[in-house]
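Before any questions on how it binds or moves, here is one chain, the form predicted alone, in structure tokens.
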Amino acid sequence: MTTTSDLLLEIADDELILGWRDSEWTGIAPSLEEDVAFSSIAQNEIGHARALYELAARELGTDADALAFDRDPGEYRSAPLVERRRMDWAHTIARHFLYETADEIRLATLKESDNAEVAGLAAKMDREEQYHRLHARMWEERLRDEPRFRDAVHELWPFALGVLPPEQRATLAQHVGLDEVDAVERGQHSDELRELWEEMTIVRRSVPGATW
């Protein structure tokens, strides 16, 4: 059974890893406008990760930095969708659109949580994520007729389904307009995550006790 701390860690890990992946477009996005947009989105995602880690840490008797940086790569609960590295622009926008659509669904559920802190944080995140969704939908509308983008959406669709628990996947399929397929579930990490972990944790590992 998934506990509240488990769920918070799943979302926090998604936000942290995706934030790092989005930040990789800084300086190389197709335009200056998109350079700024993805940098801003990345900062928001990492900020949300920290807030989620802090909430989970109180229940687990640890701190946000330990949860973010002291775990082994295999202990992260991130969805495989967010771990993929240096995709082309079509795949990046496809992931952006699919992830933000899935994230809106799970935040809607979290806002109804009996835990006031969880519900409050989810509401705050949802307000801040509205910009992410507007940006993703703008690009989806722009690219939806492009074969490369359509192919990217279909390729990443099983990964997108794995972002959500099974009971929320039909809603995601309805929003995206695709049929449900077998999901690529959490826990299936690639070497790409370990490479990112080495980069993310280098300061923490070289300077014990370093904090955000």
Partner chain sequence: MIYEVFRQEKKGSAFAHAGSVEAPDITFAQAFAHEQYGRRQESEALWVVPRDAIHEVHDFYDELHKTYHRVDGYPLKEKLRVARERAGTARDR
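Numbering follows the first chain given and starts at 1. Here the structure is a predicted model, which means the values were calculated and not measured.
Only in words, not in the display: the form predicted in complex with the partner chain, which the text now covers.
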*Identify whether the partner chain in the predicted bound form is within 4.5 Å of every residue in the set Glu34, Ser40 and Arg142, based on non-hydrogen atoms.*
yes
*Contact residue in the predicted bound form, chosen from Met138, Ala119, Ala108, Met87 - any heavy atom within 4.5 Å of the partner chain*: Met138
*Can you check 26 to 34, 46 to 54, 179 to 187, 160 to 168 and let me know which stretch has heavy atoms within 4.5 Å of the partner chain in the predicted bound form?*
26 to 34
*Would you give me the residues of 116 to 135 that have any heavy atom within 4.5 Å of the partner chain in the predicted bound form, in order from first to last?*
Tyr131, Leu134
